[in-house]
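One chain comes next, on its own, written as structure tokens: the form predicted on its own.
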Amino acid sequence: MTGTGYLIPVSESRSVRNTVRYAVEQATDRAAETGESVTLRFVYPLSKRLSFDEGTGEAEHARSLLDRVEAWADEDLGADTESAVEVYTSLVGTREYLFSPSDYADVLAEYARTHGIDVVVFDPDFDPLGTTALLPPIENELRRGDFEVEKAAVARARRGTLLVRRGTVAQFLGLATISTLFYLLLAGSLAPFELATGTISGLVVATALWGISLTTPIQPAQMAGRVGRLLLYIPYLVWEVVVANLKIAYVVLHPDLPIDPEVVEFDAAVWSALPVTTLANSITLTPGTVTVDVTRRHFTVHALTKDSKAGLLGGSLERAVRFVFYGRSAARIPSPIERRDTETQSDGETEETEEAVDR
């Protein structure tokens, strides 16, 4: 290892403790060799976090792990080397929807460049999603960005297959319920025979796929709240579709055909796959707007009229989708046009400050 600062991404794993020890040993040796202070920056990439709600279970778990990492590093350093090696911990990516290896690599690279780090040390079992082996492609992305990348030389515990995981009773019941409801939806009937066969089919599916599908922990209260808010969202969406239909009918029947087609781009304040998909489909279902492309949470939408563009940037559908998935507090986030105005104002203030400094 070379350099005086090291970035160590961490996640919950069997070898994270040994990775911390390895990083401390390397930093201690480097400090003794160069006589310079060495920094160790342990980071936890926290995907799909909401800027307005950082008190979630996943965020608390991430902070707990970083607290443990810091305590382990202090324990390994001891009193004699604390002044030569500085330890920092941080959450990264909290405002981004991280999905692909390049997303994680971009967040890590930005943090490393900000702190003048060109060496990244990975836990061999680093797995930010907990389900997919992202480490090799993340390493390759960082190497292409001129970073020195290495794995901690630690013994790896034998891991079971990632395909099958131990599920909970709540996950079993949740999968059985979803399968039964889907069966009844396809059957289009609530007759006793359909209810019986649907229940049996749901239990069979849940038994067969219990350890494969729906392995994310279920929070019944949170799920019930989302379902309730979804039931409120459906009539709201139907109303928006009806109103938009009437507006488009007026445009079509107007002698002057007052259309003003335009492609609109904006970043939506939604942070995970299902909310993004729901918003994109809701926009397309509403006459006058069609979702052309979505990259993470960046939307490209074709708006047929000024009215549809104003409604899109006004953020009514976006607020409704946030309400469904994140609750009432999320509905108060500024609309796309308000966020755009704020960013423009901030950019203007930055330019004025830079001009003042130049003078």
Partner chain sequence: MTPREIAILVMTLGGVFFAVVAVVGLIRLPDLYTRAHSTSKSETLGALLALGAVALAFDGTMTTVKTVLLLLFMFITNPTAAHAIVRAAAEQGIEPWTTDEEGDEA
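Positions refer to the first chain, counted from 1. None of the values given here were measured: they were computed from a predicted structure. We call the rigid core the largest set of C-alpha positions that still match within 1.5 Å between the two forms.
Just so it is clear, the following notes concern the form predicted in complex with its partner chain, a form of the same protein that is not shown.
- For the three residues 241, 285 and 291, a heavy atom within 4.5 Å of its partner chain turns up in the predicted complex in every case.
- Residue in contact with its partner chain in the predicted complex (any heavy atom within 4.5 Å), chosen from 203, 223, 91, 259: 259.
- Only one of the listed residues (192, 116, 136, 188) places a non-hydrogen atom within 4.5 angstroms of its partner chain in the predicted complex, and that residue is 188.
- Put simply, residue 254 is close to its partner chain in the predicted complex: some heavy atom of it is within 4.5 Å.
- Although the partner is absent here, residue 304 lies within 4.5 Å of its partner chain in the predicted complex, judged by heavy atoms.
- Interface residue remark: residue 169 is not counted as part of the site for its partner chain in the predicted complex, having no heavy atom within 4.5 Å.
- The closest heavy atom approach of residue 274 to its partner chain in the predicted complex falls outside 4.5 Å.
- Of the candidate stretches 118-126, 170-178, 143-151, 245-253, only 245-253 has residues whose heavy atoms lie within 4.5 Å of its partner chain in the predicted complex.
- Relative to the superposed rigid core, the position of the CA of residue 65 differs between the shown form and the other one by less than 2 Å.
- Residue 31 is not among the residues whose C-alpha shifts by 2 Å or more between the shown form and the other one once the rigid core is aligned; its shift stays under 2 Å.
- Core-aligned CA deviation for residue 309 between the shown form and the other one: 2 Å or greater.
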